[in-house]
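In the form predicted alone, a lone chain appears below as structure tokens.
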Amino acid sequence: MPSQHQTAIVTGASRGIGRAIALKAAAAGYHICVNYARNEAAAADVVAAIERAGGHARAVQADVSREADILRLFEAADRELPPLGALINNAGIVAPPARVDQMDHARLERMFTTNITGPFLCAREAVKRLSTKYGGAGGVIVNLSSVAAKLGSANEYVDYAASKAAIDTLTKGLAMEVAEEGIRVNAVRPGVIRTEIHASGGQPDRVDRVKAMVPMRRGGEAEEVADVVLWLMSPQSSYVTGSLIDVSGGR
């Protein structure tokens, strides 16, 4: 498992899949930088849970749609935590269901800035710290994509699906760029998972409504996704890079 003196930055770690990843990565030995955009109380709860279990964590507010916030996030981790060992690009948004011909510019700009530009900039900052080219010791980047990238999400959120397809391409391309620099880059593509993101997109009952479309006939849990992310962060996946792993119940 990782050194007791490495940090994992988990974006969007105050809830859902990000929270589950932060808790499991802390249990595996990482110091955790718990990033959150707005819910300070939820982030503080994650930090408290980690510390009660004997781990180490620090909450840092940063909106990943803003470059200045991303720079501040990484600078805070540099200043207050051990050297970076892993970036988990988890933060993302979804919007209420709509057809493409109903989407306005403001929606698309918000979606793509948060879900594409933010992860690109976070990956850039992580590479500058992890890459042996920059004097780093190597490390891992795990991007959270979605099976929506291959399904398209017609009549719901094609924009979200397109943003996650971009994350798949980022994963493939970046993995090849930094493979010789000690960095492994992979993506996990969750399916229908029971998290708060559905409510934020105006569909709090979405998991129960669509679970019949899943071959396993159920929604997944955040912890099931986190387990795969933790494997990708571990030495057990040392020969895995540029991979897209579906956690979707067969969908």
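Owing to the predicted nature of the structure, the values given are computational and were not obtained by experimental measurement. Sequential numbering from 1, following the sequence displayed.
Another form exists, predicted in complex with a small molecule; not displayed. Remarks below refer to it.
- Proximity to the small molecule in the predicted bound form, taken as heavy atoms within 4.5 Å, picks out 83 to 91 from the listed stretches 134 to 142, 168 to 176, 83 to 91, 99 to 107.
- Within 4.5 Å of the small molecule in the predicted bound form, a heavy atom is found for all three of I17, A37 and S146.
- At least one heavy atom of T114 is located within 4.5 Å of the small molecule in the predicted bound form.
- Remark: F74 does not count among the residues lining the small molecule in the predicted bound form, judged by a heavy atom distance of 4.5 Å or less.
- The small molecule in the predicted bound form comes within 4.5 Å of no heavy atom belonging to E224.
- Within this chain, A13 lines the site of the small molecule in the predicted bound form, having a heavy atom no more than 4.5 Å away.
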